[in-house]
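The chain below stands alone, shown as structure tokens; this is the form predicted on its own.
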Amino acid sequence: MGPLVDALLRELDGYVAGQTLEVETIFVGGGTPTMLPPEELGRLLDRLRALARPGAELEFTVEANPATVTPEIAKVLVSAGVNRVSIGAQSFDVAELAVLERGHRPVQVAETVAVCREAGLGCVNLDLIFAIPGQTLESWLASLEQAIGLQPEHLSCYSLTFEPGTRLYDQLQAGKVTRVDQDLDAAMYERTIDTLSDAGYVHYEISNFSRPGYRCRHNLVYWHNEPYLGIGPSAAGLVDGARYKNVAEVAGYTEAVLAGRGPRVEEERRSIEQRARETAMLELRLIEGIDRRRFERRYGQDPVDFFSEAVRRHCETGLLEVTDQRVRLTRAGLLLADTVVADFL
């Protein structure tokens, strides 16, 4: 793992050389960084922590799979200034975890949360997935209740997507698994909203819920389409108006960076119109929707006028609502967000 960390730090140093970054959020994930040896993980996190703006209330998140956060790893996280851990629980049902090919046992989620708490990590997120093949409404609600019982500050609840190139997608194509019925998928989502609201969580993004004061600031950067720096294999970023993506394979990434070559395999500069449409698409994911005044300051036009036909059509169908301040999805619109968003793009 040493060469990978060497490459990550070299790519990072290439970005920060000669300039001052005012970093306020850091998110280490897209894999399982807690599987790194403690000394390598600490080397990476310490370097990232040094980028923080002096005096900033840094939000520093690390992703982890259950059972990968030992007391030693938790100590490394705390020592480096990490204050938020995102744990990939996914489900508390053994059969559902098997469908997802997750190697942990449900009890290990609680054990991992306990280790994090004991080390002093003050914010825990749990990732959960619903609409898993074979899942019932009852089994989903049971997982949700077990997650709530662990008292996380944040919950991310995603409807399962079948991504091309994954084993689960291949199984779907081969008829070995079946998608959950759309009505059941919708029922699971609506019950999620109501259950978490009753438990004191604020629904602030289509799939994200938090205790008051614990919204994920890092993800809000994405949803407001603001600049962010991405480093590492398969990392994406938005810097100086250019959206880019790095080579996906770890070996290819490491070799390229350590050989002095750039790791980017895609790069695109968007026109103002493209950026405006992309921003609207992302901000519609937020429960508060698009701030009309903020959008107009950024792009020179009220979104109600910019997207007049899409706004009119979806207001008539009850999927959108417009106030003096905002354009946002209705409760019904949340269930059909992809359909609405497509018209804004």
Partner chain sequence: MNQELIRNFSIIAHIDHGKSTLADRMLHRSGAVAERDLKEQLLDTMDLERERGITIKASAVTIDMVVDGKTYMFNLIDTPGHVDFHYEVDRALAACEGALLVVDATQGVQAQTVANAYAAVGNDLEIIPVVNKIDLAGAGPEDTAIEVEHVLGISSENVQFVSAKSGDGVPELMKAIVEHLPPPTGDPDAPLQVLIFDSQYNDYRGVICYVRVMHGTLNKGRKILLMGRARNYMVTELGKFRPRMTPCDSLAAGETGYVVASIKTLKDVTVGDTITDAVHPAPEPLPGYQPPQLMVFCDFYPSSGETYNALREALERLSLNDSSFSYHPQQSDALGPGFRCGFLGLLHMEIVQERLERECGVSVVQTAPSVTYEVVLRDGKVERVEAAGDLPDASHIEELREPWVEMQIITPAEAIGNIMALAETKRGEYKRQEYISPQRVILTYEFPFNEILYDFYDKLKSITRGYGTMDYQVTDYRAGDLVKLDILVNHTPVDALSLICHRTKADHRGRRFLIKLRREIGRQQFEIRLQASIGHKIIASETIKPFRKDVTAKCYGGDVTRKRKLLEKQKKGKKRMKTVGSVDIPQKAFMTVLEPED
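From a predicted model like this one, the values you see are computed outputs, not experimental measurements. Numbering follows the first chain given and starts at 1.
The same protein also has a form predicted together with the partner chain, omitted here; what follows describes it.
Which single stretch, out of 68 to 76, 92 to 100, 199 to 207, 134 to 142, brings residue heavy atoms within 4.5 Å of the partner chain in the predicted bound form?
Heavy-atom contact with the partner occurs in 199 to 207.
Selected contact from L286, L319, L48, L41, since only one has a non-hydrogen atom within 4.5 angstroms of the partner chain in the predicted bound form
Looking at the other structure, the residue within range turns out to be L319.
Between L335, V16, L9, V23, only one gets a heavy atom within 4.5 angstroms of the partner chain in the predicted bound form; which residue is that?
Contact check passes for L335.
Check, residue by residue, if Q182, R243 and L282 all come within 4.5 Å of the partner chain in the predicted bound form, counting heavy atoms only.
Yes, all three are in contact.
Interface membership of E118, the partner chain in the predicted bound form, 4.5 Å heavy atom rule:
No, E118 stays farther than 4.5 Å from the partner chain in the predicted bound form.
I'd like to know whether E278 contacts the partner chain in the predicted bound form, with contact meaning heavy atoms within 4.5 angstroms.
Yes, E278 sits close enough to the partner chain in the predicted bound form that at least one of its heavy atoms falls within 4.5 Å.
Check whether Y189 has any heavy atom within 4.5 Å of a heavy atom of the partner chain in the predicted bound form, and answer yes or no.
Within the cut-off, so yes.
Does any heavy atom of E273 come within 4.5 Å of a heavy atom of the partner chain in the predicted bound form?
Heavy-atom contact with the partner chain at 4.5 Å: absent for E273.
Stretch 143 to 166: residues contacting the partner chain in the predicted bound form, 4.5 Å heavy atom cut-off
In sequence order, Y158, S159, T161, E163 come within 4.5 Å of the partner.
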